Structure formats: C-alpha cells, structure tokens
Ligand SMILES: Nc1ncnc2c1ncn2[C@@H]1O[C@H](COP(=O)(O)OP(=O)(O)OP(=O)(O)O)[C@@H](O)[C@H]1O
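Take a look at this single chain in structure tokens; it is the form predicted on its own.
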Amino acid sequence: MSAVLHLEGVFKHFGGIVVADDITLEIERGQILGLIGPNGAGKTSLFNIVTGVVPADAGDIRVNGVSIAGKGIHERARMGIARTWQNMRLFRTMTVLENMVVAPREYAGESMVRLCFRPGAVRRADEQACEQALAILERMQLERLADNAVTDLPYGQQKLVGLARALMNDGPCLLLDEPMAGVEGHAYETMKAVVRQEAQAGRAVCVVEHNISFIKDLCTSAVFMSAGRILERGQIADLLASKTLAELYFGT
C-alpha cells in the first residue's frame, strides 16, 4: 500500500539550530501515527514544513505520490493536508459556525470573479459548507453552540472547534498538534472518538501529543524525536519500554 503522506530526507535549520535532520517517514490510510518527544524536539516544526508554513531546506514531501515541493500553504491545503494548532488560531471575532464555513478545501468566497459574476454559485457553496459544518458539529455535540461567539466557549470546547474546523478539509491527511492539551472530561472522550473515526474512514492521521495515555489509546505505532532527529520508531509498547525515550523524555 502506498503512503498517503511520505517524507524523504527532509532537512531544515534556522541558523545553527537544526529542527529537521534527515527526516524520513510515511503514514498510510487509516493509520494514526504518534509523534512524541520532548519540547524543542522539532515536532511542530515538522508539521510547519509539511503544511508549507516554512519551506524545507532539502528533501521531498509527497501526498498520494505527488510532490508538494514549492507549493504554498493554500495549495497544500487544497491537496488535502489539514491540521490543527497548539494555540488553536480560531477567528476570535467570529461565531463557531463562521469559523467552520471558511475552512473547506475549496472556499468559493475567496474568488472575486465568482463573487462578482457567479454569486448564485457562491451562495450554494456557502449553503453546502453550512450543512457540512453543522454535521461535523453534531458529531462533536456542539451544534447547539453554532451561533455562539467562539470566545464564549470553555477551553475544551474551543479545542473541539479547532478539530472540527480542520475536518472541513475533507482531504486524506490530518495533522493534529497537541489536540489534548488542556482538554479533559467529556471533551477528551469526544476528541478521542472523532480522531479514531477519521482514521477508520480512511484518513492518514499524525498526532503530536504529550498525553501518553491518548497516544497509547489511539496509536499502534509512533516515532520518537529529539533535537530534530527521529531516534526511534516502532510499536507504542516498545517505545515506552525504551531506555532512550525514558532518559530523554521522562528524565529517568
């Protein structure tokens, strides 16, 4: 089976700081890959490289076998790379639903030509986006909050909105950057269930997370990063038994 997301020899440095050192990995359809390691290991930087926030200095990244080298953030999103952010980056002056409807892979309202000459098509696309958004919010039991200002929601629900917005991009690859940070209780269980459902539906999912229980519950395999390098990879149980991981990650 060919990988949905394939990184080959990816390298990135900022001055003398190397954040990605010859990174090679792949994620298959239906897989949830854990990306673990201490703060500063390069995990979020790797997501930034994949999504085009920063360019790689060397190496190649392919989505379903197609290289995305040289493509911008919006082009990579349209190819089906969706992500969440540690700090969520929600539009804080918008409602929950408004945050959602601007996030599909193809947002008709972005085009001035369509707005001016095909307003009916833009209106229909907006209606479809609203239907899609409400269906996703219903899965997360947030549909009753659709018209609320996103800032009115407690932190855990805001994290769910961040994931919901990412799911508006229905592409094959989903990158989750510390989705469980600050999340507990019902929001925690909902987040876990939705991520599992997305993988079962065929998405390739990669999760950066310090919550080891979450990783153990969802991921069968993981890679362990430190100082921009992948030091170990394999089954979760084997990594958690690793002396290298224990010394670098847990400090024992």
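Residues carry their position along the shown sequence, with the first being 1. Keep in mind that what you see is a predicted model, and the values were worked out from it rather than measured.
Same protein, other form: the form predicted together with the named molecule, not shown, and the subject of what follows.
Engineer: If contact means a heavy atom within 4.5 Å, which one of 181-189, 41-49, 198-206, 56-64 is the stretch that engages the named molecule in the predicted bound form?
Structural biologist: After filtering at 4.5 Å, what remains is 41-49.
Engineer: Tell me, which of Gln128, Asn148, Gln86, Gln141 has a heavy atom within 4.5 angstroms of the named molecule in the predicted bound form?
Structural biologist: None of the other options qualify; the answer is Gln86.
Engineer: For the named molecule, considered in the predicted bound form: do all three of Tyr155, Lys216 and Leu218 come within 4.5 Å of it, counting heavy atoms only?
Structural biologist: Heavy-atom distance to the named molecule in the predicted bound form: none of the three under 4.5 Å.
Engineer: Considering non-hydrogen atoms and a 4.5 Å limit, does the named molecule approach Arg29 in the predicted bound form?
Structural biologist: No, Arg29 is distant from the partner.
Engineer: My question is simply whether Leu231 lines the interface with the named molecule in the predicted bound form - judged by any non-hydrogen atom within 4.5 Å.
Structural biologist: Leu231: no contact with the named molecule in the predicted bound form.
Engineer: Would you classify Leu239 as touching the named molecule in the predicted bound form, given a 4.5 Å non-hydrogen atom cut-off?
Structural biologist: No, no contact at 4.5 Å.
Engineer: In the predicted bound form, is there a heavy atom of the named molecule that lies within 4.5 Å of any heavy atom of Ile23, even though the partner is absent here?
Structural biologist: Judged by the heavy-atom cut-off of 4.5 Å, Ile23 is well away from the named molecule in the predicted bound form.
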